[in-house]
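The form predicted alone is given below as one chain in structure tokens.
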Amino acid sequence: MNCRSEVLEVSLEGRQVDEALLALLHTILLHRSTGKFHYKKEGTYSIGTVGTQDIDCDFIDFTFVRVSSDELDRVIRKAVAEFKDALGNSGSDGMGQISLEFYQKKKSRWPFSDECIPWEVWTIKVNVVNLANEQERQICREKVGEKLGEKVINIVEVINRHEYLPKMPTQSEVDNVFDTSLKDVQPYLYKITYQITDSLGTSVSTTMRRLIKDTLAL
């Protein structure tokens, strides 16, 4: 199986990191989650509904839609908070990346553990910029909102392609494809990892600073 890989790059102010990452990760998971499966008998099931919720950002001119699941939101927020803390403590000029990997399990014979086979990975490269004054922050607030809108459209376009998805499992195999631990939603199995590095380059931050300077010059 070939694993799809998508890379998104964002450049933003430190206080915008949480909201930007939550917007992007929740957008992906919104399209990679289903309602809970209710099996009547092997091979026959119904799927519950998935509620959605609009979230307004405080430091970005942007509103995103997420699955209306407090449990899922807590998991995502915890991962984002850990990444942001590591980013702040790294001394790497505020550069790093966080990845959302979807996978399925392949049962192995005892005594070996199950094999986890990734089928889609989203990597978000983050660069934190330092701004000089409130005017620059206001411009950054607007520009990051515009960029996030473009990223969300890109995510939806990618997800709407007719590419590989794990087939709907039987009741005995549902835990090999979906995370069934949440009570109100059922995302495909996933894991979130991050990496702090100073080798991502400065092209993204340079672009953001240029955008701000060009706007100030108008």
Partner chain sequence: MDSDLSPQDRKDLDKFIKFFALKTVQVIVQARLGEKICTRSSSSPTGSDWFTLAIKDIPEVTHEAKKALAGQLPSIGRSMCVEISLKTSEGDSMELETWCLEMNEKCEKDIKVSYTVYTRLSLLLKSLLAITRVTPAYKLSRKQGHDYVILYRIYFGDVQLSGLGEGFQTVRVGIVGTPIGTLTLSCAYRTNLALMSSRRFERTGPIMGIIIDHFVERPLSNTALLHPCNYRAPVEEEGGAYAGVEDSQEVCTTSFSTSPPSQLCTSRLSYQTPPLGAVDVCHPAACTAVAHPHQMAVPGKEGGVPQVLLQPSHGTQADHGRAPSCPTADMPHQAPPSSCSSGDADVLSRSSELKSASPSDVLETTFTRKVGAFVNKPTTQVTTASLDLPFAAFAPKAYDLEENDPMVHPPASPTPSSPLQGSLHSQSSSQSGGQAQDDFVMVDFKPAFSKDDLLPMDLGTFYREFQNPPQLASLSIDISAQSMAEDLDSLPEKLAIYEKNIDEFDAFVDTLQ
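Numbering follows the first chain given and starts at 1. Note that this is a predicted model, so its numbers are computed, not measured.
The protein also exists as the form predicted in complex with the partner chain; that form is not presented, and the subsequent description refers to it.
- Using a 4.5 Å cutoff between non-hydrogen atoms, Lys191 does not count as a contact of the partner chain in the model of the complex.
- The partner chain is not shown here, and in the model of the complex it never comes within 4.5 Å of any heavy atom of Phe59.
- In the model of the complex, the partner chain stays beyond 4.5 Å of every heavy atom belonging to Thr180.
- The partner chain is not drawn, but in the model of the complex it has no heavy atom within 4.5 Å of Val174.
- Taken together, the three residues Arg74, Glu82 and Val126 lack any non-hydrogen atom within 4.5 angstroms of the partner chain in the model of the complex.
- Within 4.5 angstroms of the partner chain in the model of the complex, the stretch 60-90 places a non-hydrogen atom from each of Asp61, Phe62, Thr63, Val65, Ser68, taken in sequence order.
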